[in-house]
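Only one chain is shown below, in structure tokens, and it's the form predicted alone.
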């Protein structure tokens, strides 16, 4: 096995190591999730300082070690540091990164996951209004779930597989079951975790599209936050994880 190797990766997590180094968790296209040492990254003026920051994409030259590999060289290809200028954007990006960290595999190529995640960061970074961040963010959660094969059932009852037609009456009358795996036809026995309006269900169904239709983008902030809570509960249950960044979402968007 070669002692050195190259990889393109995005920094998902970082922590101090020793007096001057940093330990990075990096999602690479070629080798999946890797933990590597950025030697001297915490020294003043270090070339690896900026390149070891969160959400920076680097072309990496790595050397294999007994327990941890080390960065020999890092050439920055793309940076999402501007996410840090807005607490809402940064929190959404960290939330999505938690999901990526849970579903990414080690020692296996993760090209599609890498491309989806960096595309989501690009979309988040370019939003100017706080209300415009939420649709991109919620669609991002759905895209990551779909990529992992865990997307909820939204057109047919998760129990009976019958087509679910929302009632015309206003109000939250569409049952959703996290445990069952999606929407449930009224009257079907299942542990119901949430109730959705027909409009909210339509927005959830639209998340699978490449671009959200204009009428879905006009959904209120509160409606998008309802959908985030539904997908959060669904993600935490089916991926068996706790999303630490979720608590900050409510602060960022003034709930």
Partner chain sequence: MYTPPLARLIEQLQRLPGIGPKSAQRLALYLLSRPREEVTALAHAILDCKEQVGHCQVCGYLSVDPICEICRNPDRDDSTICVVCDSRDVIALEKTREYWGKYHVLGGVISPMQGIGPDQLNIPTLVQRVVKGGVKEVILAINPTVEGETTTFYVGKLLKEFTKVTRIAFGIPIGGDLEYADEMTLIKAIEGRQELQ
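Residue numbers count along the first chain shown, from 1. Since the structure is predicted, the reported quantities are computational estimates derived from the model, not experimental observations.
Another form exists, predicted together with its partner chain; not displayed. Remarks below refer to it.
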| property | result |
| --- | --- |
| Check all three, 18, 44 and 51, heavy atom within 4.5 Å of its partner chain in the predicted complex | yes |
| Which of 104 to 112, 155 to 163, 170 to 178, 78 to 86 lines the interface with its partner chain in the predicted complex (heavy atom within 4.5 Å) | 78 to 86 |
| Partner contact for residue 236 in the predicted complex: its partner chain, 4.5 angstroms, heavy atom | no |
| Interface membership of residue 139, its partner chain in the predicted complex, 4.5 Å heavy atom rule | no |
| Touches its partner chain in the predicted complex: residue 23 (any heavy atom, 4.5 Å) | no |
| Interface membership of residue 6, its partner chain in the predicted complex, 4.5 Å heavy atom rule | no |
| Candidate from 226, 56, 201, 190 lying within 4.5 Å of its partner chain in the predicted complex - any heavy atom | 56 |
